[in-house]
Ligand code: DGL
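Just one chain follows, in the form predicted on its own, and it is written as structure tokens.
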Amino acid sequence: MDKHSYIAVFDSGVGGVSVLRELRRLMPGERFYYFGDSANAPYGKKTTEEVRALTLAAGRKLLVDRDCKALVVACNTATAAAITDLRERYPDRIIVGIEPALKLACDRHPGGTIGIMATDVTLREKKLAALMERVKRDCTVIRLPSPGVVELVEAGKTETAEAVALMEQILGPYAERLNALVLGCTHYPFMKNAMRQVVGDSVELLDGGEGTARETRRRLQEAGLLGEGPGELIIENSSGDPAKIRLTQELLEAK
């Protein structure tokens, strides 16, 4: 393992591309290995134990079999369920998770109303509960379970009437109350256009991708492992479906 080794980026499917884009923007000289587990998506409908097992299996594949120098868990659900276990198993590796940008939202909108969209697993885990406890004096937080969103993104249906209808169902009852909306799943940033049609332009949309990328760069720099090459990207998906690779590439290039 050295500075020329790959940085692994793992997600339950194609959603982690929203984090991968930020990583590549901040570290264009790095080699990235993106692994999407679309064969088992969505993680948000599974038990915590199932998500933990899938995440640990991916961790072994990327850190042991592929010998990557760092692992970015670009999945809120997997982070909530298994980041502690991963760090305990691989204490010598750089492992960075992602968490909802709730503190940032409250800092920017003190006294405001913040919605947090997330999967069932993320919403029920202690990690989010602790985060909400820390910010509850600064703002009002509304939990917004969001079933069906991951499936639409995985199907490449982000710019459809179906996407807008689903956002209306999830966000419509709260749209006029919100000051900010935290996107607590890495798939959700690809639904921003549909969200905007429901909540308008005055609601700030926030996700944790940029913060995760900055933390990854900081950790690599601290360890003397920042790469300085021409950059590279390998994409793998557990589904074995070439369409998933194409969708991953399309989302990577999407504006």
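Every value quoted in this text rests on a predicted model; they were computed, and no experiment measured them. Numbers follow the displayed sequence, beginning with 1.
There is another form of the same protein, the form predicted together with the named molecule; it is not shown, and what comes next is about it.
150 is the sole member of 181, 167, 101, 150 with a non-hydrogen atom lying within 4.5 angstroms of the named molecule in the predicted bound form.
Listed stretches are 55-63, 37-45, 225-233, 201-209; the contact stretch with the named molecule in the predicted bound form is 37-45, by a heavy atom cutoff of 4.5 Å. Under a 4.5 angstroms non-hydrogen atom cutoff, the named molecule in the predicted bound form has residue 75 among its neighbouring residues. Taking the named molecule as positioned in the predicted bound form, the residues of 1-39 that bring a heavy atom within 4.5 Å of it are, in sequence order, 11, 12.
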